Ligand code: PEP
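In structure tokens, one chain follows: the form predicted alone.
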């Protein structure tokens, strides 16, 4: 028979996958002699089985649960439903990864009218009667809400009405008679809502409560939390059943939550809150204002001294800051939970460094204990925490680029520039952004879009610039033409104040003050340790010297992707590029490109300077040409005049560029096949820039890396490469110097993975463009998939957005194939990744396992990638 239930005394901290975090830690605390009420844990496997069995607890699992109820009764000397010495229990969730507040808890289970009556008769103290009815009304409300899904509001209305009638402010001021009446009202409300009497059999109550906790694993808030925190649905939750200890027994009782270090700053001091005559839910729910933990010393000196001892032992045992829940019943301390506490990124770094200094952990352990994703919050401006507490979100999109932004709403890139020029802070709100919005995006404090996912244009560019961005807020009803939109029942116009949080995706009405991020010495210290242990190199995706410099500050070791098309959108170049598009002959195209050449060369020189001799990979023109053509009448007329054509002829050219599926159309290397002069101009710019910078810095070794995008066939690459090589060799010969350069390709089409051995004969390096590779492997448009992915999450088809977290099963298999075949054909081949996945920790670990040379990501994600790469290497050593 498979074992689905464990006593606390049968488990330990290493059984986290089976017992969940809470169950494993309750077992561990029991093993090291902590005062834990002795109960049992129903495993995560039982939860998985519950879902396999059509959301039912099967007979085998139920019989084991009842067997362990009997064992718990024996250990504690109390019995379920017994009238002289009744056992009351709490039923709590406990997934293997901490999910605070996401799943359900039921307290005081086992009470019914007979048990309540008997408990009161056996203890004549009038205060005890009040305690019993307080526990009973809590149980009825919690069971109704959590188990039977009758909303809390019905019961809260009854409590508020009772308090108003009695002229009191707090629940604690209600008498035993008031609470008895309230319990009767609650039962009547239950019957009214459910159509049957409140269940009185404790075993039925227990069965339903366990079922409810399993069910809560699949509730909407838990699903969202799991997606945000990379917690697989397949893990399931454990359930912990333990005897109740009562913080609401009398004035000599209480309950609290505490941390062994300050979770906001990391300072080594006990932090926490405590309430007398209360149950744990009161502290968490904010029903009453708790007192600082220090006050517990005055009220319960013995229990407080014991608690301090427990805190020291737990931190020493787990070698990490602990978050604990505890109860004092009649002056006696009981520990109900411990876990490694949630903390801010700033606190996490300080705690990790302090623990190393205290000799508690090694450098590797310090590196391993930081969640790389949390580093984002250290590098961007944040909302003032006090002000944020007062604000209520109006809506929510995807937190696409971290940070906080507050400003006046503008609807166009031009307006963003103009408003910024006159000293205004603005938030750019668009249906979606396009490459020509780049200048407005630079001018804005933050960007909010109605459409698009985590790899939409807005998201990718904003992350690259370190600008706050919330994308894909489908609840916005947008009227761009009239410069207005509606969200959360309010209509917003140009100039109205708006605040957006790129970490959470929350959108707020009005201006919330922001504070600049402060990067302290702990950050550098920990990143130095990370660099010591990682194998993967970390580059950045950067198109401007500003981005490149920022990335270098944050530890980038080169540029893995420079998107040259972004350079064409500057006002002084776009006109010449449009001339090239509308030219009729090769000579006209070459003349137009000649105007752009010095600008491109200048850009590349600045990038080489910023990177100080580190590698720079320059991707040749990638987007379809229709993205560059004018849309406004005045711009069309201007282009017509320049080209000696009529506006109608220009419009005909523009119409001719339209494609049914431009992302799979005339773009990437296909442009160079059709218009070799584009590749020639870009090669000249790259090589001339490299020669100039090399001459200035004899101690640097500049080796340009030219990347041909969207290759699906080796012959395609051979054709474009021959143009590049011929042009580059001529430039180098003319300069009279020696210079090595490399020509490689972006692997972003499934066919390129399948024929990587052929392509590697022509390519000196590969770089996976996983945004497009994911798009083409799934057949999803990355800009539109957000419209239907939620349905996929709800149906458990997907657990995460494949554009945010690399699909290691499908796309990963193609990558593995390309790496293996590519290196067989060319053993010295170096391989990187430059899609957005290059900054996602789980994807970085996968790249480490594949043996890639480097990952490349947007500048502000460089520290995340450095840390994730180190953690991957440390994990591999431990295995």
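Positions refer to the first chain, counted from 1. Keep in mind that this is a model prediction, so the values were computed, not measured.
Same protein, other form: the form predicted in complex with phosphoenolpyruvate (PEP), not shown, and the subject of what follows.
Check your understanding: Would residue 769 show up as a contact with phosphoenolpyruvate (PEP) in the predicted complex if we use heavy atoms at 4.5 Å?
Key -> Because a heavy atom of residue 769 falls inside 4.5 Å of phosphoenolpyruvate (PEP) in the predicted complex, the answer is yes.
Point to revise | 4.5 Å heavy atom contact, residue 799 to phosphoenolpyruvate (PEP) in the predicted complex | key: No, residue 799 stays farther than 4.5 Å from phosphoenolpyruvate (PEP) in the predicted complex.
Check your understanding: Is the gap between residue 619 and phosphoenolpyruvate (PEP) in the predicted complex 4.5 Å or less for some heavy atom pair?
Key -> Residue-level check for residue 619: yes, a contact with phosphoenolpyruvate (PEP).
**Study point:** Proximity of residue 838 to phosphoenolpyruvate (PEP) in the predicted complex, heavy atoms at 4.5 Å
**Key:** The answer is no: residue 838 has no heavy atom within 4.5 Å of phosphoenolpyruvate (PEP).
Point to revise | Which of 140-148, 344-352, 746-754, 437-445 sits within 4.5 Å of phosphoenolpyruvate (PEP) in the predicted complex, heavy atom basis | key: In the other structure, the partner sits against 746-754.
Point to revise | Contact residue in the predicted complex, chosen from 78, 537, 563, 525 - any heavy atom within 4.5 Å of phosphoenolpyruvate (PEP) | key: Comparing distances to phosphoenolpyruvate (PEP) in the predicted complex, the residue within 4.5 Å is 563.
Practice item. Identify, from the list 834, 42, 847, 26, the residue with a heavy atom within 4.5 Å of phosphoenolpyruvate (PEP) in the predicted complex. Key: By the 4.5 Å heavy-atom cutoff, the listed residue in contact is 834.
**Study point:** Interface residues of 775-807 toward phosphoenolpyruvate (PEP), as seen in the predicted complex [heavy atoms, 4.5 Å]
**Key:** If the 4.5 Å heavy-atom criterion is applied to phosphoenolpyruvate (PEP) in the predicted complex, 775-807 yields only 782.
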